[in-house]
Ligand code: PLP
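As a starting point, one isolated chain is supplied in structure tokens, in the form predicted on its own.
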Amino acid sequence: MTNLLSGEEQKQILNRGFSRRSLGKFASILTAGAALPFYNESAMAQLSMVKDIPADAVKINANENPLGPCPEAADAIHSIVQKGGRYLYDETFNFAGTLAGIEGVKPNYVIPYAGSSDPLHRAVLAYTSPTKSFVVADPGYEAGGRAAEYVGAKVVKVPLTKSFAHDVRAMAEADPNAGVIYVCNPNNPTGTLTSRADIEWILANKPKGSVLLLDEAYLHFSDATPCSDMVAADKELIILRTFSKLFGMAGLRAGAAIGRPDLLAKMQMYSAGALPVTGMVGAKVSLQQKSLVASRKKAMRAIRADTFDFLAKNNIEFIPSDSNCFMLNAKRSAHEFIGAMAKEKVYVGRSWPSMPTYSRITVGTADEMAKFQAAAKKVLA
């Protein structure tokens, strides 16, 4: 399988301290698509892939948006399907140009991907190695850490602060040889924010030679200021965006990495293939709907506020969130809570090893959250 890598690519990988045995792992990631090789069966079960969910069940376990794509994007996707026999690269370029214009960066500062997990993994391949670690918050989104472990890079986990923000000072000091410092803002799974001042601080104080990987997958649900202006100022960070969350396109796969061209170039060595034209045209049209973000954020927040009121009135502990998910403390094994809720046909999200009694809950529709409330009240009685 290593023949999928050019001689120059193999040379660059070996020069970064990887063994020849690692070449096959790099190649397997490049050809895996969504079925990434470091997600074995047990890992996938721990994540949000639940089989045989009843059709009438409430599924609030995967941070999906039940609204789906906006009507304008859905129409554009439907219209493009008949042309799906061609690659239609121009749609990818048009999406990149549209996003670049909105973010205030040059077009070559945006590289489209099928979602944001793909560029997350590519950044790990490009910037970590046996001598360059991956620094991440705990609890935090696990995909980058799993990719790092798979290729033999060290993963350094840094606990969140008492306010559930990233402890940027501890992260900056965690490893002087860090390759990637990963900040998800708002954080997954806690839905909590790290201040712009802290992001500016870690960008200015991170170890020399490292890159700040800022995952803004849930940014649009919050009032946080995008950090794309830092990219425009040529800082050493790469921003990840996805259309899976607020824009409701999880199954359609669209996203992007935003960064300085020289930083993105290191990731592009590990990229291959055309992107789904349905995702590209859907993302472009979604960006063109000027009121979409505000209206969807307002609607989600109203449902979230009602849910938080219910939890508070019933003395159910939770972590207040600025995202479309939050952590609920079941005061017992989260696995037991998850199983008990499933028996009520309400499927809630997983737990993290550092928070074993907490389950991550996605904010669904008003009807879904009403069913969640009824089930939670019964299960936690």
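Just so you know, these numbers come straight off a predicted model, no measurement behind them. Numbers follow the displayed sequence, beginning with 1.
What follows is about the form predicted in complex with the ligand, which we do not show.
Student: Can you tell me if residue 184 lies within 4.5 angstroms of the ligand in the model of the complex, counting non-hydrogen atoms only?
Tutor: Yes.
Student: Report yes if any heavy atom of residue 95 sits within 4.5 Å of a heavy atom of the ligand in the model of the complex; otherwise report no.
Tutor: The answer is no: residue 95 has no heavy atom within 4.5 Å of the ligand.
Student: Answer with yes or no whether residue 246 is in contact with the ligand in the model of the complex, where contact means some heavy atom within 4.5 Å.
Tutor: No, residue 246 sits far enough from the ligand in the model of the complex that none of its heavy atoms falls within 4.5 Å.
Student: Check residue 218 for me: does it contact the ligand in the model of the complex (non-hydrogen atoms, 4.5 angstroms)?
Tutor: Output for residue 218 is yes: heavy atoms within 4.5 Å of the ligand.
Student: Just to confirm the contact call: exactly one of 112-120, 78-86, 199-207, 146-154 touches the ligand in the model of the complex at a 4.5 Å heavy atom cutoff, so which is it?
Tutor: Result of the contact check: 112-120.
Student: Only one of 188, 278, 307, 133 comes within 4.5 Å of the ligand in the model of the complex by heavy atoms, so just point that one out.
Tutor: Checked against the cut-off, the match is 188.
Student: Counting heavy atoms only and using a 4.5 Å cut-off, do 141, 242 and 253 all touch the ligand in the model of the complex?
Tutor: Yes.
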